[in-house]
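Next up: just one chain, as structure tokens, the form predicted on its own.
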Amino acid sequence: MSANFWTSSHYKHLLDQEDVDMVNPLDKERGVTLEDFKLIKMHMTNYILRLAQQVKVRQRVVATAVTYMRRVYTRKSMAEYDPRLVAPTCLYLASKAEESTVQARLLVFYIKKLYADDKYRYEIKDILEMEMKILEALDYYLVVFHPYRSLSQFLQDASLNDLSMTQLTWGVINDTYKMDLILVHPPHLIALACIYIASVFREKDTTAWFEELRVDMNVVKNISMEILDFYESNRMFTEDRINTALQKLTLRP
């Protein structure tokens, strides 16, 4: 496991936002728009979270699984790689990568318990076959650095490590996985953006502390704005819109 983000495969595979927002041509042929693309990924993030709560794995495993899922769709189409199978398979793979292994049969059991829809109902062999495809799609690079790692250090350094700030910033970081930030920005900058949002919300003056860090505050503020924009638009994400987007994947071009 790489100990340094700047020499890691994670850093080398950071992408520009335009590349992340590229809808695969096979999905475009089925009428999938960029908005549909984002909706499906957010829905699958929630799916991974629901499944993880059932099998009781750490938040880090969830974050790694979501990162894998989002990385896969920068390279593969949703039409070929069904999100309803990719999501639980990414959780299965992440649980192994993060040394909190969950058995595939347990995932299958809870999938059937959570979803009555046959489109979600996959078997153990489906997960094991998709695992190999995902490993290939990821080029076998499984190391993921998360904002949680630097968050506690930053909060302590800024004397903001009280329970209220810790819980709020942790919650905001959790929400960033409903977006593609982890594919675009170094994790420490995502952590700083979450601290920036929380400090404004809690009316904490962190100006001097941020100046001492000598980070590019334009980048931190831009990430913060992306998160706040997401919270604003998140209200419009309805179950009907998600189902409509998913149905497009089954259409023949």
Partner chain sequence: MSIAAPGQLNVNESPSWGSRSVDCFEKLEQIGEGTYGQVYMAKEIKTGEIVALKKIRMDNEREGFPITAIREIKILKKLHHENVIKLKEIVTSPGPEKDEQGRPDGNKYKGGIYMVFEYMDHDLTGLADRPGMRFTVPQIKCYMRQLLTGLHYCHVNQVLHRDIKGSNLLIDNEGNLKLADFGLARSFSNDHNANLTNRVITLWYRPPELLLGTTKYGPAVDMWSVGCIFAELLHGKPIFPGKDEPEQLNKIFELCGAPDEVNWPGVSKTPWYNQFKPTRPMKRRLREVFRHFDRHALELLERMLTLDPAQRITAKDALDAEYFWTDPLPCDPKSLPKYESSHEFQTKKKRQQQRQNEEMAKRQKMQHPQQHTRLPPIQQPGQHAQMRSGPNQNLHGSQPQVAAGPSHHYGKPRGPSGGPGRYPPSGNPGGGYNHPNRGGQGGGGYGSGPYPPQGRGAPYGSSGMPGGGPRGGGGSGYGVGAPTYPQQGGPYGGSGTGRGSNMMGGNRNQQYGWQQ
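Residue numbers count along the first chain shown, from 1. All values derive from a computational prediction rather than experimental measurement.
Form predicted together with its partner chain: not shown, discussed below.
Enquirer: Out of 151, 93, 111, 85, which one falls within 4.5 Å of its partner chain in the predicted bound form, going by heavy atoms?
Expert: Residue within 4.5 Å of the partner: 93.
Enquirer: In the predicted bound form, does residue 162 have a heavy atom within 4.5 Å of its partner chain?
Expert: Close contact is absent here: in the predicted bound form, residue 162 is far from its partner chain, nothing within 4.5 Å, heavy atoms only.
Enquirer: Just to confirm, residue 116 within 4.5 Å of its partner chain in the predicted bound form by heavy atoms?
Expert: Result no; residue 116 lies far from its partner chain in the predicted bound form.
Enquirer: Would residue 174 count as touching its partner chain in the predicted bound form under a 4.5 Å heavy atom rule?
Expert: No, no contact at 4.5 Å.
Enquirer: Answer yes if any heavy atom of residue 155 is within 4.5 Å of a heavy atom of its partner chain in the predicted bound form; otherwise answer no.
Expert: Output for residue 155 is no: heavy atoms all beyond 4.5 Å of its partner chain.
Enquirer: Its partner chain in the predicted bound form: within 4.5 Å of a heavy atom of each of 188, 212 and 215?
Expert: No.
Enquirer: Taking heavy atoms and a 4.5 Å limit, what residues of 10 to 31 are near its partner chain in the predicted bound form?
Expert: Read in sequence order, the residues that approach its partner chain (within 4.5 Å, in the predicted bound form) are 15, 19, 22, 24, 26.
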